[in-house]
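Quick heads-up: it's one chain on its own, the form predicted alone, in structure tokens.
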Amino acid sequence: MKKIFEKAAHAVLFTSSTVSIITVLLIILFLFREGVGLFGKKPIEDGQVLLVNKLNPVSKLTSDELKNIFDQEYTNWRKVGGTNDSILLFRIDDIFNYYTEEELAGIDTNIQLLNEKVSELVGKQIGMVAFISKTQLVLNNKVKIIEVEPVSVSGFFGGELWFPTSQPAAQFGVLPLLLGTLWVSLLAILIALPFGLATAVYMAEIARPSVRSMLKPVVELLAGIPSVVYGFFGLIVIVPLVQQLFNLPVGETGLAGSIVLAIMALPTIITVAEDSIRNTPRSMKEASLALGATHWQTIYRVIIPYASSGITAAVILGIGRAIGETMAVLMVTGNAAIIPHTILQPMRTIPATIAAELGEAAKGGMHYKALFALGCILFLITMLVNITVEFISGGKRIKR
């Protein structure tokens, strides 16, 4: 009977662990499948085309060039490798400037007639470019369709503009979001780690039992506070303080986000590191003291090195909390998708972008896939941080 029970328990544990691993792998597979689907697709709305005169030598444009053309930052085709002709933008409402009402009779319900008139008009204007629907599109021998370069990996990671819903071509430049995430997260860890480790050492080795018994529940309680509460605290207290201290026009900056994230990461770092320090064998402490080492020397040379694996775990969990946080960062960093040059600028992080935009992205669309690609980047950053910290920690253990 006992053997049957042990076999059943073994089967249950094996099944649960297998299901857990498979579930995690499937989630990662789904994440990357959706994210990778962005690359190779044209950043132009489905069913729309760009129409130009056939005499125009330009045959392909990037999404950045297209944005500059329709923002009227480029006013001459020479900017994109064309001839010395002014760029004339055509929008559907402009058609009434070129044709009379009699010529456009019934055009509201006849898409083919509309497209015929647009093709005719573009064929007469060498510098004109029209962004129209390709439904029932009729091309004459005087017009052609300009191709838009698909989204590439280099353009995605090196692009400086994030406008996933802009027309006529979306901008998927992740560089501002990536830099904002790294700036905010790394500064948060640099702030939280010294304070967290110092508090853990104090609670484990220096504080009286009565003090520790009072501080321990308070620290653990802080870990259970919802992130939106930290966001409100940052918005009301930290943001005005940063604005006044540095004489800034706005206080929603990367520094405010880093401070809020540091406060949020502190309970995790303190709890995990303190438990690891307290698990140092008493015999090792007594041996160090017996050899003439002071209490501080024992802490520095014996306890902290012995607890380095637990401290490493605390660092990993703290970094994970900082990198993956959404709501609090969204509330205090300014949510500006621009490349930051100082920590005192408004920023936007990858998690905040996903949280703010996923609800508005059409399922299966390019914006939807771009947000999943951001999730892939976040996963890779976290994995890289974990591997790096484990490598450093493992090297220290081997060295000892």
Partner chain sequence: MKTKNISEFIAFNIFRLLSLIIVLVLVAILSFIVVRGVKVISWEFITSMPKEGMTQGGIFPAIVGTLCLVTGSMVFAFPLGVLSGIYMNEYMRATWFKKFMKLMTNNLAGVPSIVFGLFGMSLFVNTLGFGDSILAGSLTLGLLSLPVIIRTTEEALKGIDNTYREGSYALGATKLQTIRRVILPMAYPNIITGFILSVGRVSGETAPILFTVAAYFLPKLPSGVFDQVMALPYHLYVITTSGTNVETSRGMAYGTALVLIIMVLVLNISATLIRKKLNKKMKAN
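This structure is a prediction, so every number in the text was calculated from the model and none was measured. C-alpha atoms forming the largest set that superposes within 1.5 Å between two forms make up the rigid core. Residue numbers count along the first chain shown, from 1.
The protein also exists as the form predicted in complex with its partner chain; that form is not presented, and the subsequent description refers to it.
- Of the candidate stretches 116-124, 165-173, 234-242, 87-95, only 234-242 has residues with heavy atoms within 4.5 Å of its partner chain in the predicted complex.
- Although the partner is absent here, residue 249 sits far enough away that none of its heavy atoms falls within 4.5 Å of its partner chain in the predicted complex.
- Using a 4.5 Å cutoff between non-hydrogen atoms, residue 308 does not count as a contact of its partner chain in the predicted complex.
- At a distance threshold of 4.5 angstroms between non-hydrogen atoms, residue 39 is out of contact with its partner chain in the predicted complex.
- In the predicted complex, its partner chain sits within 4.5 Å of a heavy atom of residue 266.
- Taken together, 12, 16 and 383 are fully in contact with its partner chain in the predicted complex: each brings a heavy atom within 4.5 Å.
- Proximity to its partner chain in the predicted complex, defined as a heavy atom within 4.5 Å, holds among 228, 138, 190, 153 only for 228.
- Residues are counted as partner-facing when one of their heavy atoms sits within 4.5 Å of its partner chain in the predicted complex; in 299-330 these are 299, 324, 326, 327, 330, in sequence order.
- For residue 81, the Cα coordinates differ by under 2 angstroms between this form and the one not shown after the core has been superposed.
- With the core held fixed between this form and the one not shown, residue 125 has its Cα displaced by under 2 Å.
- Taking 2 Å as the criterion, residue 204 counts as shifted between this form and the one not shown: its C-alpha moves by at least this amount when the rigid core is aligned.
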